[in-house]
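First, one chain by itself: the form predicted on its own, in structure tokens.
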């Protein structure tokens, strides 16, 4: 009896040190941020010296139009980058899910943008968008077309394009891996039943891939809310507040405006938003996993 109990507890004992370290590394900064959000805290004070103001920082943000503008820019940016990256990445995976000579080389080329540091990506695209010597305006000028003030009149769109270029390969690689792990029996059964290529994609491939695609989209959504370096290098949040996402607003509030309590409250608002989106995505994942299981069971019965 004691041996059986010891065998059951052994894995937990081995995991305990890592769990304790992770809990401390996660909970201490989180608790520090939550406690700081209830104080009128500046960099010249310790958190204990700061005056306790209750929910004042949260109420202040609720009535701050600049905060709502940054939140709107963040939601717009996240929606477009995740949607377009998912469409392009999954589309490329479906297109290249076949035996193609040199496929390993193509995969390497596709993931190169992911390997570049965000600061370098920001600098690279900033120079390409330059109004006089940038690649895009020089190409337009050579075609006799009017040049465009990319980072002036179309700043948010320009930042979205840069993010899509860098992170679509992430979606492509995971979508391709999901495609190649699909049960071949399901695809063979669909072909035997006379399903067209589009019907196979819509009714077999995408439903079976959906659990992986949802997790992939969630990872990109969380990252889109936290992106900072590329936008900071390309536009510094301008012109005006047109590209100032919430992460950049938090950084400026803490460093330039020296309002650590307000920045902490803003971080908590962002955390709550991400938690809500994550829970919603997990619930949707459960539904899609159940649907995929039904499709697999139906294929097995037919075979």
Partner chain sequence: MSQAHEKQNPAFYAIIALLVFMSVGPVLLMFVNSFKLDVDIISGTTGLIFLPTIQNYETALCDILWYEPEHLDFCALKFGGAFINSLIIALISTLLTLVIGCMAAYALVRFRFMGRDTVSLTTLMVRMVPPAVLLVPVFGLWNNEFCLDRDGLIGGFIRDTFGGRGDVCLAGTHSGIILVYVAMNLPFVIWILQSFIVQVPRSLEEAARVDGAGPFQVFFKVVLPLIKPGLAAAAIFTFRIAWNEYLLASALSDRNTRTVPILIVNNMSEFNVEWGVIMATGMLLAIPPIIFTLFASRQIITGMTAGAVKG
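The model shown is predicted, which means the values in this text are computed figures rather than measured ones. Residue numbers count along the first chain shown, from 1. Rigid core here is just the name for the largest C-alpha set that superposes within 1.5 Å across the two forms.
Not pictured, yet referred to below: the form predicted together with its partner chain.
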> Looking in the predicted bound form, is its partner chain within 4.5 Å of a heavy atom from each of 81, 187 and 287?
Replying inline: no
> Applying a 4.5 Å heavy atom distance criterion, does residue 43 contact its partner chain in the predicted bound form?
Replying inline: yes
>> Quick check on residue 99: any heavy atom within 4.5 Å of its partner chain in the predicted bound form?
In response: yes
> Even though its partner chain is not shown here, does residue 110 get within 4.5 Å of it in the predicted bound form, heavy atoms only?
Replying inline: yes
> Might residue 124 be said to contact its partner chain in the predicted bound form, defining contact as any heavy atom within 4.5 Å?
Replying inline: yes
> If we take heavy atoms and a 4.5 Å cut-off, which stretch out of 130 to 138, 202 to 210, 67 to 75, 154 to 162 is in contact with its partner chain in the predicted bound form?
Replying inline: 130 to 138
>> So its partner chain isn't shown here. In the predicted bound form, which residue out of 182, 148, 116, 87 has a non-hydrogen atom within 4.5 Å of it?
In response: 116
> From first to last in sequence, which residues of 50 to 71 have any non-hydrogen atom within 4.5 angstroms of its partner chain in the predicted bound form?
Replying inline: none
>> When the rigid core is used for the superposition, does residue 278 move between this form and the one not shown (threshold: C-alpha shift of 2 Å or more)?
In response: yes
